[in-house]
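Below you'll find only one chain, the form predicted alone, shown as structure tokens.
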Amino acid sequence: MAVCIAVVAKENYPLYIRSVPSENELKFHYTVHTSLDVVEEKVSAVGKVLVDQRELYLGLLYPTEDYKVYGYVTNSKVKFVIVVESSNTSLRDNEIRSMFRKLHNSFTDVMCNPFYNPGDLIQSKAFDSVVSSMMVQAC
């Protein structure tokens, strides 16, 4: 399914990033950071137009030759980015939404942990297992 999953803080620094295969990690860091411009553009457009502001899913941010990049923004302006292969045509929009929903629920569990300081890198094993379950089919 996903080849890269990233959680980016409100201030645009990565809280968590994981990619498969790991030798392309730098390429995916670049892809995630370039997608942040599109995320900011879409979020600012929502404020100008009378669109449902409760809609957190941003949809397809941009396609490349090899990958499709999808975005999601929480109410606290934390951004989730999922990169999938363009060749994966069986993945539908509602499946991407459910992946973001699972990721958001797991992120909420991390935030509710009294030992986690907001803004620190996410090092939760439970969060890591949720991300691994979304990436397991790409391995």
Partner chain sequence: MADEALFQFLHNELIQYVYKSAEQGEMENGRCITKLENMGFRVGQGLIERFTKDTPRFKDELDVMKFICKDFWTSVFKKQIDNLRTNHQGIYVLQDNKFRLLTQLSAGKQYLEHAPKYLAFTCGLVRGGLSNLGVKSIVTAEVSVMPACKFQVMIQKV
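Numbering follows the first chain given and starts at 1. In this text, all values refer to a predicted model and were calculated from it rather than measured experimentally.
There is another form of this protein, the form predicted in complex with its partner chain, and it is not shown here; the text below is about that form.
### Message
Within 4.5 angstroms, counting heavy atoms, which one of the listed stretches 29-37, 60-68, 109-117, 91-99 is next to its partner chain in the predicted complex?
### Response
Residues of 109-117 come within 4.5 Å of the partner.
### Query
Taking 4.5 angstroms as the cut-off for heavy atoms, does Glu41 touch its partner chain in the predicted complex?
Contact check for Glu41: no, nothing within 4.5 Å of its partner chain in the predicted complex.
### Query
Do Val84 and its partner chain share at least one heavy atom pair within 4.5 Å in the predicted complex?
Val84: no contact with its partner chain in the predicted complex.
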